[in-house]
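Just the one chain here, the form predicted on its own, laid out as structure tokens.
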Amino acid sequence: MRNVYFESDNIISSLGFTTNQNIERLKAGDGGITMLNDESIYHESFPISLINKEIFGELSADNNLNKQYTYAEKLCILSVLEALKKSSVDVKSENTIFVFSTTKGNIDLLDKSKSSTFPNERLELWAMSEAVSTYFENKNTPITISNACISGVVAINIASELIQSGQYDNAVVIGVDIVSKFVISGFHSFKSVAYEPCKPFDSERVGLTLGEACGTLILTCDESKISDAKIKYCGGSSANDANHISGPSRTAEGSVIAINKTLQQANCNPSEIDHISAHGTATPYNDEMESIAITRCEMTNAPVNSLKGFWGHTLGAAGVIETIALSHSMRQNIMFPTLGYNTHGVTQNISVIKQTTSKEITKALKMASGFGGCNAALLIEKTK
């Protein structure tokens, strides 16, 4: 089975339009969540993480992205273009596959004022993926993963497996989700949106903060394409405990299965994990569940963080941009803080990171969980 390496990447979020801009603000503990007062979206002000529309407009114009592309599609195109500046992968090649991760795609087209210039099918997730891969003249049918909030991690796992098995040499993994009235209303109906910026794993956490983002991760089997510290994909898995339509298992059953299978695939002992990037939504049940999963998998000594306090919960983009951040954390041997965390608020004695910390990181685990009892994990390793 072939090795899979992280070749290049990009993050577009409230923290910036390049990976470097995002990483520098993570290191500085500088979050992108602000209060929004827009009655066209929701009748009360609430915290949210939004992409800078002025800079987005300028970049779209600079790259001649006209009205034939939606907001989400333009984000994808801009993100891939930026990732390609550091890549030698041929995205037009039949040996390169595009894999998309999203929960809602072009959800803003539910607004009739925006949908008038697009056919109805553009609301379909496959149509968004096809529009973006066609822009880059890729001849393969793109793969679209939509499995709630584990979509990003699952997309990376599937793309990596396709390369490992020899079906493709390269993969362009794109995670994207945008904020819309539909999304905001849905999460408010669950009463899961906090009235202040979210506080993962904190004793005073009261709910999540939503955000929008787009991330691109280019994977390859060609080790010669990697110029800096090599990040190798070692394994990943997903599991569904079917606990509840929205609530996670109180015993962390699905997450434990996903983590243990991932460790087995990677032939890795729990004590070898140097760092864990948790899902960490700052909802009472999710954070507690993850703390139980980490404890049951015997990894309480591994430092844990959640990046939701910086970006908010970016849904289908979360697993992609958080894995990219994790890979750069490994390259720089630093661990980013859990913004909003002050007082320990879960029952298990996990090691939540409060401030940017230097540490040699060789092996790291990414966790994800979502509605419907779905859970996922992946493990990456830094090699010389």
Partner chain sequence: MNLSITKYCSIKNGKVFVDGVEYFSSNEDKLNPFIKEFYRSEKPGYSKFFKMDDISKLGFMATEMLLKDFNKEVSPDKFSIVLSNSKSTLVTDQNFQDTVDKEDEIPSPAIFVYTLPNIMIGEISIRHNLKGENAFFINKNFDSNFISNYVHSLFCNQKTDCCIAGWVDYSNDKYEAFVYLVEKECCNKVANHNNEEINKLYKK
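Positions refer to the first chain, counted from 1. A quick note: this is a predicted structure, and the numbers were derived from the prediction, not measured.
Same protein, other form: the form predicted in complex with its partner chain, not shown, and the subject of what follows.
- Site annotation in the predicted bound form: the residue of 146, 117, 95, 134 reaching within 4.5 Å of its partner chain with a heavy atom is 146.
- Out of the listed residues 272, 298, 204, 161, 161 is the one that sits within 4.5 Å of its partner chain in the predicted bound form by at least one heavy atom.
- Its partner chain is not shown here, and in the predicted bound form it never comes within 4.5 Å of any heavy atom of residue 90.
- The closest heavy atom approach of residue 138 to its partner chain in the predicted bound form falls outside 4.5 Å.
- Taking non-hydrogen atoms only, residue 189 approaches its partner chain to within 4.5 angstroms in the predicted bound form.
- At least one heavy atom of residue 239 is located within 4.5 Å of its partner chain in the predicted bound form.
- Remark: of stretches 280-288, 80-88, 259-267, 301-309, the one touching its partner chain in the predicted bound form is 259-267 (heavy atom within 4.5 Å).
- For the three residues 110, 124 and 244, a heavy atom within 4.5 Å of its partner chain turns up in the predicted bound form in every case.
- Contacts between stretch 167-192 and its partner chain, counted in the predicted bound form as any heavy atom lying within 4.5 Å, involve 167, 181, 182, 183, 185, 186, 187, 189, 190, listed in sequence order.
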